[in-house]
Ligand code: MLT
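One chain follows as structure tokens, the form predicted on its own.
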């Protein structure tokens, strides 16, 4: 009986220890790789959301900026890391949905080769132009571009960037895929030349251009979303402005290497949800013009479905685009 009791006690002790270990994640800081330079839209959203997630997890989320190749360098590093839940990534429309059609030799598979965690924020796209451009509204702009594509210059932040991806979709829909495009080393330099009037137009995230639109240093023709943004309530939607088929959002979302423990997935999803439900975090995001994701979009399945949906939308234009 004594041996039996000791055996039962040992078994219970092991079971308790196993349960404790399963619940222990995370026991150290979690690295969130942002595949762009510090200070950009993805970096800002990662820091806002990651700050609150750290409180829920009880461990700091450390932001590591790994820029290069339209964000694919950082995402590759994150998704090829050990699948233990301690390396995750904050990517976006370009790195997850557009990258397969943009980079034929991509070293990761955003559809079947990673663990989606959830959508962290939607960042609507605006069609913006230099303030001196004669076209007063989107209809006039579209007509002018179609009539004289050689007279217009588009700015973008490089192959695979959100500005390149979303304007490539726009040019494809307008039937001017080879319209002159000027690549810059980031949104900042491109926006500077737009403000100074050296470039005619660009497409980019509201987070990047809202302040310039408010200041009147550039003009905004439309926002490519179903509803107007509270951050720029006077800017019409593309549907209102006469281009209903142009609907695209440069969202940001969290992913991890395929095969990370279910406990880690569950805790990361829970931490993301609590961050996005927090009033303070919501305010910081909404002030930037970010759209708070729905409950379904914050789930792994919901986020994975969004990645596939937007890839299907972008693929034809991206594959046909000159690179």
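Positions refer to the first chain, counted from 1. For clarity, a rigid core is taken as the largest C-alpha set superposing within 1.5 Å between two forms. Bear in mind that the values here come from a model prediction, so they are computed numbers and not experimental data.
Absent from the display: the form predicted together with ligand MLT. The rest refers to it.
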{"item": "Within 4.5 Å of ligand MLT in the model of the complex, all of 36, 41 and 162 (non-hydrogen atom)", "value": "yes"}
{"item": "Ligand MLT contact at residue 235 in the model of the complex, heavy atom, 4.5 Å", "value": "no"}
{"item": "4.5 Å heavy atom contact, residue 186 to ligand MLT in the model of the complex", "value": "yes"}
{"item": "Contact test in the model of the complex: residue 97 vs ligand MLT, heavy atoms, 4.5 Å", "value": "no"}
{"item": "4.5 Å heavy atom contact, residue 157 to ligand MLT in the model of the complex", "value": "yes"}
{"item": "Segment that reaches ligand MLT in the model of the complex - one of 186 to 194, 213 to 221, 133 to 141, 170 to 178, heavy atoms within 4.5 Å", "value": "186 to 194"}
{"item": "Interface residues of 82 to 112 toward ligand MLT, as seen in the model of the complex [heavy atoms, 4.5 Å]", "value": "92"}
{"item": "Yes/no, residue 185 Cα shift of 2 Å or more between this form and the one not shown with rigid core fixed", "value": "yes"}
{"item": "C-alpha of residue 85 moved at least 2 Å between this form and the one not shown on rigid core", "value": "no"}
